[in-house]
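Take a look at this single chain, the form predicted alone, given in C-alpha cells.
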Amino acid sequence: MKGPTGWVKLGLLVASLAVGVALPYLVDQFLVGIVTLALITGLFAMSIDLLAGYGGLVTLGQAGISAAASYGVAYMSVKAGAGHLAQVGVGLLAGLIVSAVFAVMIMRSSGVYFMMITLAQGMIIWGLSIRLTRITGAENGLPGVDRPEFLSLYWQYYWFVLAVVLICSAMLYVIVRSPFGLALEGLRESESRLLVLGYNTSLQKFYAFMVSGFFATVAGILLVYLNQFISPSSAHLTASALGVLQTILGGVGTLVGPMIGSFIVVYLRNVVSQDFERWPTLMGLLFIVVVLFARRGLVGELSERWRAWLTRRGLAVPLR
C-alpha cells in the first residue's frame, strides 16, 4: 500500500478494528446492539452496492432475498424445532433459491425495467409472507428464534457479527477487484461495448445477482438471530429502499460507503428518534443535502476532496 492515501486508509482500518473489538468494554448494551444492527444492515447495503454501484443495476427487491433467508431460519427454529446447523442451512438455501429465481427473471433486463422487476419480485415475497400463514405466521410473524448457546449474550453475538461482516467485506473487496468485478464495471459503463468484447452480459447479470444475493442472505440470517423474530415488514419495499438510501448516503460504488450510510440511518432511527419525534424529516433533509452537495455520497465526496488536497501539494497525480 503506497502513498499518503494508502497510509491513511490503513490507519483508519486499524483504528476502526481496534474500536470495533473493544466496543463492548466502552459502551453499554444498548449501543452495542445499535452497532450490531448497523453492521448487519451495512452488509445488506453493501450487497445492493455490488449491483448498483459496480454493475449499474439498481435493485428494489433485495429485502425479499434477505427476508426469505430469515424466514428459512425462523421456520426451522420455531416450527420444526431443528438444530442451528439445519436452521442456517435452510436459511442459506432459501435465500440462494430466491436469488436464483430472481436472477433468471431479470438477467435480460436493464435500466428502469430492471429496477421495476426487482421491485415486483420483492413485493411477491412480501405478499407470500402474509398469505402463507402456517409457514410465516402472517402479520404476527415468527417470534422465539433461539440463538446458539455460545452466542446467547449480546457481546458474544456482536463479536460474531463483526467477524462475519469483516469476512464478507474482505470477500467483496476481492470480488470488485477481480476480472469479474471489472466486467461488472464494464456493464455499468456500456453494456453494448461489453457485448462487442465477447461477454455474455445476461450471464454476467445472473452471476452478479447471485453473488449479491448471497451477501443479502447472510445479512438476513444475522438479522433474524439478532431480533429473534421475523415479520412481513422485513420483506417490504421500505426495507429495500432503506438499503438503497444507505448506499446513496455513504457513496455508491465505494463498499465502505454503504456501511457508513447504515450507521447514520440506524443511529437516526434508533437513537435520535427517542428525543426527536420528526426524525424521518431530519433523515429526508440529510438525504437532500447529500444529493445536492455530495453526489458521490459522503465517502465519495471526502475521497475527492482528499485527492484534490494532495494534488495541490504535489503529492498525487491529478485524475484526467
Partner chain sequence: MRTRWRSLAASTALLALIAAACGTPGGGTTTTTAAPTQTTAAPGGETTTTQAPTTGELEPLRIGVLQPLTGAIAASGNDAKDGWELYWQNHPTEIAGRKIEWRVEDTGGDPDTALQKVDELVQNFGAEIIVGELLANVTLALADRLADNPDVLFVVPIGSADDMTQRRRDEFPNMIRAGGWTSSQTSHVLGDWAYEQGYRKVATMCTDYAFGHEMCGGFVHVFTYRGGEVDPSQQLWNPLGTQDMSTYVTQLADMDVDAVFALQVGGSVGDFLTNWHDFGLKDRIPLLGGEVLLDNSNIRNLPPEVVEGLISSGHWTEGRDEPTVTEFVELVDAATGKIPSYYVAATWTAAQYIQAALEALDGDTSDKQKMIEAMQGFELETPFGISRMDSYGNPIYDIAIRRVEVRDDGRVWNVPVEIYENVDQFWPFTPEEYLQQPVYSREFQGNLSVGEPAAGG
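Please read all numbers here as calculations on a predicted model, not as lab measurements. Positions refer to the first chain, counted from 1.
Beyond the structure shown, there is the form predicted in complex with the partner chain, which is absent from this document and is the topic of what follows.
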Would His84 sit within 4.5 Å of the partner chain in the predicted bound form, counting heavy atoms only?
no
Might Trp306 be said to contact the partner chain in the predicted bound form, defining contact as any heavy atom within 4.5 Å?
yes
Heavy atoms within 4.5 Å of the partner chain in the predicted bound form: does Gly56 have any? no
Find out whether any non-hydrogen atom of Gln228 is located within 4.5 angstroms of the partner chain in the predicted bound form, and reply yes or no. yes
*asked:* Contact check in the predicted bound form: Val19, Leu37 and Ile260 versus the partner chain, with a cutoff of 4.5 Å between any heavy atoms. Do all three pass?
replied: yes
Only one of 117-125, 87-95, 139-147, 214-222 has residues with a heavy atom within 4.5 Å of the partner chain in the predicted bound form, and that stretch is 139-147
Applying a 4.5 angstroms cut-off on non-hydrogen atoms, the residues of 26-51 near the partner chain in the predicted bound form are Val27, Asp28, Gln29, Phe30, Leu31, Val35, Leu37, Leu39
